[in-house]
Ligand SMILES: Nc1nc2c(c(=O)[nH]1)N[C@H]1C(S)=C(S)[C@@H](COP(=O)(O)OP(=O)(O)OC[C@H]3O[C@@H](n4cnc5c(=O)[nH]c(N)nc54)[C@H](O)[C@@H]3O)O[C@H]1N2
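So this first bit is one chain, no partners, the form predicted on its own, shown in C-alpha cells.
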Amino acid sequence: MRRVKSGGGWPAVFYTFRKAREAGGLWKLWKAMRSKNACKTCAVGMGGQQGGMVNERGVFPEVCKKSLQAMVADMQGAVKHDFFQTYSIPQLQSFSPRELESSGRLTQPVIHRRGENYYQPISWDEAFAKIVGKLKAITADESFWYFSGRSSNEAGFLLQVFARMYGTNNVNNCSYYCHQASGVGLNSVLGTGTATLTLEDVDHADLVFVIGGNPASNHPRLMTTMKHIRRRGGHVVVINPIVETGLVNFSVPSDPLSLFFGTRIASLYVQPHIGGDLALLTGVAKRIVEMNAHDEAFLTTYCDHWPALKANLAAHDWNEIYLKSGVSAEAIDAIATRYAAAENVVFTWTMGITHHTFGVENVEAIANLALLRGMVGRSNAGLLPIRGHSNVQGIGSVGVTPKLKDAIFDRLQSEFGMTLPTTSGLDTLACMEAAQRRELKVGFCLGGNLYGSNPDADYARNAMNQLELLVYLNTTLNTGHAHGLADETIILPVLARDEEPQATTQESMFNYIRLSDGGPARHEGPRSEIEVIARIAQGVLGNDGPMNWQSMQDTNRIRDAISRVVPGFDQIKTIGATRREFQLAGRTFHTPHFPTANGKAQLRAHSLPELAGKPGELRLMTIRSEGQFNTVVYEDYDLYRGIEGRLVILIHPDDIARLGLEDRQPVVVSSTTGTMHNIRITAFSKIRPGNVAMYYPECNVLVPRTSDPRSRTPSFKSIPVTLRPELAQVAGQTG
C-alpha cells in the first residue's frame, strides 16, 4: 500500500468517521469519548473529571486514533452465543490477533479443560467455586499474579493485597516487559522511578529529545505538544533506527493550519544502529564536556561521582563510539550543538531504549546527559519515560511489584494488623520459567495478554501449558486465550473502565491521578474487576481477618486504604467526593533535591556494549504498527509505513541486494530461539542498513529470553537473525 507523507491529517479524520460507523454513529461515539473517564490507551493521561478529550491542563479537544480504537472495541457487540461452540481451539489458534480482538465483547464465563477441543460456558458461581477451591488446595507460592495497565488503582491494590495475605509475593505487572528498565535506571540515578516533570513543563521546553520511540503512532496526543514547541521556534531531536513518517511531519487534525499544511516535527533526525544508543548518548555527553557546555557548578553541588564520570567520558575512544553507535562525528556534533544552545530541555524515550540487555544503562546514560547541563531538578526541563498503557504506572505505585516498598509493607502491617510474606517474589519472566519447571500451579491474570507479551512464544506457550489452572479477566479475546492454556483455563468477562458501577482512579505518566466515573454496562454478563477480586478473596480468606472483603467491594473503602498505605496518595481518600484530581507529591522535581540517600543525583559511568550479531546476521527490532496498541491489533495494515499485512520483514534495499534476495520474496527468518516461515521481504529505505524490523507480537517466536540483569526486561530489540529463501512455501506457517 502507499505510504502517507504525514502523520495524522485527513486519513485520521476519515478513519474517525469509519470507526464511528462501527460504533453505531458519530453521536454515540462522541458521547462515549466525552464521558468523564480516563483514556483507555496510553499514559499521557487524557480524560477524567473534565471529560474525555481533555488533557491535564484542561485543553480541549485532545483526541487520537488510539483512544478511538480502544473505545470502539469496547462498544462492539457481544461475542455471538454460539461462538465457542463454533470455533475449536485449533481454529482459535489460527486466528490473527486482529480477528480475535474483533470477535466481540466477552459476556459469559467460559472454561477449557485439557483434552477438549472447545471452551464451554460456566456460571459465575461455578467459576468462583473452582478458582477458590484450587487456591485453597495449593500453597500460596505455587501461584502467580499478573496485572496489566488497563486496570484501576483500586483493582490493582485490592488484588496485590489479596495475593500477599494469601501468602505469596509472586506479584508482577506488564511493566517488566516494557518500562521496568526505566524505573530501575531512574531510581539508580535519582531515587525515583517516574517522570520528573509535569505536562506544563514539557509545553515550555525549547528542545525535546525523542529517543527510541515513535509517539506519532503510539502516543499521538504528544504530537500536539511537539507542534507547539516547533511553532515557538523550539527543536525536536529524534533518535531512531527507522525514519518514522509521523516524526518527520504530523498534521494535527484539531488545528486547521496543521491539518492543511502539516507541521514539521524533527529538527534533526539521527539513525543509530539498533543497540547503538548507549554509545551515541556517551558520545554526545563526551562532546558536551569537550565543548565546556556542561554545568560544572551543578554537577559539583548536586551530583555524586562527577569526577568518575568525567574521567570515564574522557577515556572513551571516539572511533569506538562511531563504530558502536553507527553515527558519524558530524551527527554527534549536531546533537551536542543543539543541546548546548537550548535553555529548557526534556528527554523522552520508550522501549527502543529499555528493550535491551543494557536497558538500565541506556536510561542512566540519558539521565547523565540531562544532569550534565542541570536539566533535572528545575522547571520546564527533565526526564520523561513515555509509558505505554494508561495505568501501568499507577499499578506499580499501589504495590504491584514482587517486593513491596518498605513504606507500603510497614504501613499495611501496622494499619491493618496483617502479617505479610517476606519471601522473594518472582518477576514476570521468572514466573514463566517457574511455570515451565512445574513449580507453579495457578496463574491469575488481571487483564492484558501475558502470552502475547512474552519473548520466545513457543517457550511461553509451553510454560503456561504446565499450569493446572489459569484465570483470565478480560473484555475481549486475545492470543493468550487460544495458546496459553492450562489443565483448566477460565476466562471471566469484566467491564470496561467506562462501564464500572463505581468511580475508579488511574495515574498518568506525569504522576497525575485522574478520576473515572464509570458508566452503564453495554452488555449483560460482565462484572466489575473489583467485585470479582473481592468475591474470590472472600472465598479464600473469609471476612474475619484484617480485611473484610465484602466491604472492600466499595471503591471508597479501597481508596481510604490506599491513602493510609501508599506514600503520596493522601488525597485519593476524598477524590470520590471532591472530584479533585491531583499531582502525586514527591514525584516532580523543580528543585535539585532528590530522594536518594544524601539528596544528590548519582551519576553512573558505563562501558560500551558490542553490537549484537555476527557477520552475515542482521539486527532485528520488534515494532508496533500504526493500527495497533501493545499486543492488541486493530488493523492488519500499517498506514504510516505503507505496509500491507504483518508477516513481513522490513529491510533496506541495500541489504536485500547484498543478500541476493528480492523485494516481496518469501523467506525463512531464524534466530537462536525460533524460526518463522513465509515471511515476505519488504523493501524499506527508511531503516538503517544492517538492521531489520518485524511486527510484535507475531514475531515473538524469534525473541530470546535474554534479559537485562538489573531490570529483568527482555531484549525485544537487537536480535541477531539470518534469512534464507523459502523453498517450500507453506501458507500461514510461522514457526
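All residue numbers are counted from 1 along the displayed sequence. Not measured: the values here are computed from a predicted model.
The next section is about a form of this same protein that is not shown, the form predicted in complex with the ligand.
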Note to self: Which is the contacting stretch out of 142-150, 429-437, 661-669, 402-410, given heavy atoms within 4.5 Å of the ligand in the predicted bound form?
What the structure shows: 142-150
Next item on the list: Verify the contact flag for His355: yes if a non-hydrogen atom of it lies within 4.5 Å of a non-hydrogen atom of the ligand in the predicted bound form, no if not.
Entry: yes
Check: Is Tyr177 close enough to the ligand in the predicted bound form to count, meaning some heavy atom within 4.5 Å?
Finding: yes
Check: Heavy atom to heavy atom, is Glu244 within 4.5 Å of the ligand in the predicted bound form?
Finding: yes
Note to self: Check Glu364 for me: does it contact the ligand in the predicted bound form (non-hydrogen atoms, 4.5 angstroms)?
What the structure shows: no
Check: Just one of Phe84, Phe629, Trp549, Phe444 has a heavy atom within 4.5 Å of the ligand in the predicted bound form. Which one?
Finding: Phe629
Check: Quick one: of Val494, Val566, Val252, Val236, which gets a non-hydrogen atom within 4.5 angstroms of the ligand in the predicted bound form?
Finding: Val494
Check: What residues in 683-711 sit within 4.5 Å of the ligand in the predicted bound form, counting heavy atoms only?
Finding: Tyr696, Asn700, Val703
